[in-house]
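Below you will find one chain, with nothing else, as structure tokens; this is the form predicted alone, and questions on how it binds or moves follow later.
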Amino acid sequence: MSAVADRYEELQELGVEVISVSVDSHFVHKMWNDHELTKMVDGGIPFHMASDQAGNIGRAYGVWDENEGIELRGRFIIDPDGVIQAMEVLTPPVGRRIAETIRQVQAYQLVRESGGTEATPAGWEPGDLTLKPGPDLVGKVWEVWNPSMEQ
């Protein structure tokens, strides 16, 4: 949460809205923000923290653990049409990398803006080569992109 909050302005510049969801009550969220998160992020968490105590949102997104009564840690990138473009679910001991989330958002935005005429290969970063899907590329990807080549 603090890593996302730290780069929230960058996410906002990309047109991204962040909503954190957990089974904790809004009272727990306030205490956590006021007594811990504000020590990690100046001003605390700048985005909404939603409470899903009944697990309804967790069930809808497939992260609800019925046996434990908890939600697994997940990250979902949802496009402007409400379609999930990416999801990542990790066990609590493993943290996520916000730089990868931002890179993926940039890749999805490029593909969306191109109307699907461009695709981003593995490891793509803004400014890197994109692929142009179509019959001319079939069997020839190796001619224009090789993951071992430095870009």
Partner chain sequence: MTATVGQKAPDFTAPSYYQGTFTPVKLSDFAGKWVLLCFYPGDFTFV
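Numbering follows the first chain given and starts at 1. The structure displayed is predicted, hence computed values, not measured ones.
Just so you know, the form predicted in complex with the partner chain exists too; it's not on screen, but the next bit is about it.
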Proximity of H29 to the partner chain in the predicted complex, heavy atoms at 4.5 Å: yes
4.5 Å heavy atom contact, T120 to the partner chain in the predicted complex: no
Any non-hydrogen atom of P126 within 4.5 angstroms of the partner chain in the predicted complex: no
Non-hydrogen atom contact K39 with the partner chain in the predicted complex at 4.5 angstroms: no
Residues from 82-119 in contact with the partner chain (non-hydrogen atom within 4.5 Å) in the predicted complex: G82, V83, I84, Q85, A86, M87, P92, P93, V94, G95, R96, I98, T101, Y108, Q109, R112
